[in-house]
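Next comes just one chain, in structure tokens: the form predicted on its own.
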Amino acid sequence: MSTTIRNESEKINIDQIIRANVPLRMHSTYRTGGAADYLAEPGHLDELREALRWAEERNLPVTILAGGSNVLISDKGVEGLVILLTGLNRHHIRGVLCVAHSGLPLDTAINVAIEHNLSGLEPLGGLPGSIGGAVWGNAGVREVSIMDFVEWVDYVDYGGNLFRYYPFKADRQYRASFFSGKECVLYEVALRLIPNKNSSEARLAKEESRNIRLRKGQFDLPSAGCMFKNPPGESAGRLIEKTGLKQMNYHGAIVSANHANFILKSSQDTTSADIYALSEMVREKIEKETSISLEREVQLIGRW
């Protein structure tokens, strides 16, 4: 099966793309966490497959990382091989399809679409992370979710086999996707967008979405986005605020005063363990006060 962003096969020196004991904190929006036992940074499909083969031959677990948002990396590091997808960032436009490698930042994809007179993604402006991560977790806001636009996804299983997935409306879940819990790597995504010749209007709409997040203080301090999923018919942030937990502080991990579902890192000395501990305090308090059990949206990575 071929993908639309083509890669020429070439001889791969695996030692050039895999390194040992690599710190991961700079690959996390929290800027916390330990080191990967091994880190691979593939730049094309053949390198991705070779990295997966390398891990399979050594019976090593595989962890996928891209933009570093929506994750909390253990201070004890990550076992096995971490595959960092930021080098998979090519893109092109084909009619109304914006086709991008999974490591392309979501915000960049929105800008590229607008430049080519394609709209629809503007409400997602300012959301951190990559296209692949956004699709994996069905990132979105009240108006739209990214799965509303996905035409197809090319993904690779841990055996290196390439598949194409066409989503159905029935597959779409809140902050989850067909891929959640599967052992695979998203490689390429096609988004079907809406023709719009008024690119200036679209750009203003995208910047307004980003400015709304700025005004809410979502970028003032390091965070990973919303810590918890919204329970059915309720808002996690509203529950946390009503329970009086805004600005609760634990070793520099603090519940945001502007968006109660954000846990911020307010000190250079704050660790992933501190952030996790505060999130557990919040979760336990909410369950005690409301009998509602909050489900974590931020994914825990590594040796917890």
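From 1 onward, residues are counted along the sequence shown. If you're wondering where the values come from, they're calculated on a predicted model, not measured in any experiment.
Keep in mind that the form predicted together with a small molecule is not shown, yet the notes after this line are about it.
Within this chain, Lys229 is remote from the site of the small molecule in the model of the complex, having no heavy atom within 4.5 Å. Interface membership of Thr29, defined by any non-hydrogen atom within 4.5 Å of the small molecule in the model of the complex, is confirmed. For Phe149, no non-hydrogen atom is located within 4.5 Å of the small molecule in the model of the complex, even though that partner is not displayed. Heavy atoms of Thr270 never reach within 4.5 Å of the small molecule in the model of the complex, leaving it off the interface. Considering the small molecule in the model of the complex, the lone stretch of 159-167, 181-189, 111-119, 203-211 in range is 181-189 [heavy atom distance within 4.5 Å]. For the options Ala55, Ala35, Met248, Ile64, the one in contact with the small molecule in the model of the complex, meaning a heavy atom within 4.5 Å, is Ile64. Only one of Ala100, Val82, Leu193, Leu85 comes within 4.5 Å of the small molecule in the model of the complex through a heavy atom, and that residue is Leu85.
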